[in-house]
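One chain comes next, on its own, written out as structure tokens in the form predicted on its own.
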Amino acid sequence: MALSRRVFVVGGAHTKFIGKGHPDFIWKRHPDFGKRENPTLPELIQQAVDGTLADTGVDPATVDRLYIGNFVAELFVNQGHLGSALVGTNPAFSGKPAARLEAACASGGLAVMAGVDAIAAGANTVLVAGAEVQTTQSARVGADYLARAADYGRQRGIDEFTFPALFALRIKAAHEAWGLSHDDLGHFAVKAYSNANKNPKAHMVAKHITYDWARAAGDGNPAFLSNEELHPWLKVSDCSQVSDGASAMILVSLDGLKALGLTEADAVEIVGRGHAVSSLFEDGDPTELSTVKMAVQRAYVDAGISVKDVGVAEVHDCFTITELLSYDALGICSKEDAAAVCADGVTAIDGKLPVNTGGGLVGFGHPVGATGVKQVLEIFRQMKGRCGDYQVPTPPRWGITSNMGGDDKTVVSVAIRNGQ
């Protein structure tokens, strides 16, 4: 469905995405342990909002509405009511409409949808943010919290690490269907880490890996599931990062763009959108991302484009298998050919269709509520030549995102056109 009013992205900001493995993250083996602490959720939101206002030059008094994506702050940091927390980042926001959106790992994408809808309904300037802190608990406790994105009563018992087990099941099914191997998945991990090494905001900016390390379980890259059937199928290198971080951006109408003294060439436009949701209580073909496919196709149709027009993509690689299956869902190639496409460099930064140029969830990191916002802002940054060492050679005309909540249950996709 075409938007009743045009929607533009004019800029924004990421905090660093940090967690174990990042040089700034304070944990028990860090030399500053006990001397300083990691940023809190309010501090991360504040950093992202301040950075966004500075980047765009937007007067906070002109912001009409505010939205924030977050999944489980109530569990990790004992804090809900984050719409009010977002308003608290600037005195000029006092009294303005604000809300928190939740859709598991697609919470950020849903906040973007809310912002787009607000512009369509008459707002001229909307601030959209996403944030998550997940490092306050052990990996096992955190895995239990994140399992709320699954059908907890039915699926929690598959493994103490519920989501890794659900995607190990997909890897196993792909192996049985067409012979997918750990060698194949190693290419996706290497691409993610290599891109992250060029990205100063990335969780894994300082972690360098080799293909030999990524392709097989071993020291530092163990298979870690307790479920005996699924244990052989997933390694640490196949997983996205448990990250803390925030992203924010400004959406404006055409009137809002003019009020900032900007032209369409200074912005990017959200032209197509897709939002698809499948039942939490039923599972589909483990070798397909059918909900991703529905959402992306709706965004393509909305924008009047196909995958052939896309010059950069941000996909939800919560695990390496998810990026592989996303190539099929986006129409890049068949799932059987996806590993070869990645290995051949087609989706590399300098490839024909770069995917996850900043490292994706595996390399850039995955502060759950921030990811959907980060994806859209990364497309903007690539289109405007702001990505530094991980900049694609030619600013793309079109970009696509897919932000997935749960095991292919809630998906938000947007098609973005570079202003000319």
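We number the residues from 1 along the sequence you see. This is a predicted model, so every value here is computed, not measured.
Keep in mind that the form predicted in complex with a small molecule is not shown, yet the notes after this line are about it.
Heavy atoms within 4.5 Å of the small molecule in the predicted bound form are found in exactly one of 288-296, 318-326, 248-256, 341-349, that being 318-326. Shown alone here, residue 93 lies farther than 4.5 Å from the small molecule in the predicted bound form, counting heavy atoms only. Heavy atoms of residue 236 reach within 4.5 Å of the small molecule in the predicted bound form, making it an interface residue. The small molecule in the predicted bound form comes within 4.5 Å of a heavy atom belonging to residue 405.
Looking at residue 111, you'd find every heavy atom of it more than 4.5 angstroms from the small molecule in the predicted bound form. Interface residue among 189, 196, 105, 86 relative to the small molecule in the predicted bound form, by the heavy atom within 4.5 Å criterion: 105.
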